[in-house]
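As a starting point, one isolated chain is supplied in structure tokens, in the form predicted alone.
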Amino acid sequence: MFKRLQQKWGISGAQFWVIFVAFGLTGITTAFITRYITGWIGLTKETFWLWKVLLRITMLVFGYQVVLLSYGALLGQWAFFWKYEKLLLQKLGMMPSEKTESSFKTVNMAIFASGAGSNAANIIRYFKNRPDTKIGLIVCNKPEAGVLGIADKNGVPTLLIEKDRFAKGDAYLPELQKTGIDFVVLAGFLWKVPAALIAGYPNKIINIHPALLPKYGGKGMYGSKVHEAVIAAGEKESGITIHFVNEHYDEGATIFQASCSIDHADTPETLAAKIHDLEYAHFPKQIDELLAKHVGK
């Protein structure tokens, strides 16, 4: 159950337990405050039951939420809790729905991938049924890639590209613009992104790399080759780097990093499994936060 919640919320294991503690502290604190208010205003066993019920409802609907946000802020999880508080306030009619706000914009995202597409599947799952973000296109350079099957299963349109036009031509910008793409995510895409595409989407293309850049990046450093190099060098930790894409392999500005330890018994395969866990826990959430900050969600 905990693992499913962690995946649904798109958070790390450590963050999950911080949030779990915040919920627990909120419940205890709200109960204490309710008892204090009950005594302060003089409610007793003889008090008409409706007044006591109204107090508990008020504390549940309003007091609990305030206490929860307070603990969320103290524990560094304000963004997580505020996201869900906004939904509650919108349902209660106390905050206008994002759908009706003039600033609301649905971000149309394209995912570029070359392989099995596990990260693409995770991103699609994270944003499923979200009105503010749409996965509008899966772009792939290999007709046999598993990500195309994932796109078909989820009803996402696909674009199969060829190298010469991508690298030396218009980089398929007309197709992306026709589809209304606002933002590009590279999730296991192995070709270098050409200048034409970067110019078309300035600071709106991001990539995830399976190492702690600037180490173990550059041309030819992808997948198992990265993990083999990291272990061969005797590193004590590795991780993921989410970064903006520029005209050079893995040299764009870093957005986020997360690390994991490397044990003496680790192999490239076991290290890859640790890296995948970090990718699944952090990549969709970092995309979400980046879109909220910079793409006008």
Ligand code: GAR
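All residue numbers are counted from 1 along the displayed sequence. Here the structure is a predicted model, which means the values were calculated and not measured.
There is another form of the same protein, the form predicted together with this ligand; it is not shown, and what comes next is about it.
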Quiz item: Is the gap between I208 and this ligand in the predicted bound form 4.5 Å or less for some heavy atom pair?
Solution: yes
Quiz prompt | Close approach of Y222 to this ligand in the predicted bound form, 4.5 Å, heavy atom | solution = yes
Quiz item: Quick one: does G117 come within 4.5 Å of this ligand in the predicted bound form, counting heavy atoms only?
Solution: yes
Exercise. Indicate whether G188 is a 4.5 Å heavy atom neighbour of this ligand in the predicted bound form.
Key: yes
Quiz item: Counting only non-hydrogen atoms, which stretch in 132-140, 174-182, 195-203, 208-216 is within 4.5 Å of this ligand in the predicted bound form?
Solution: 208-216
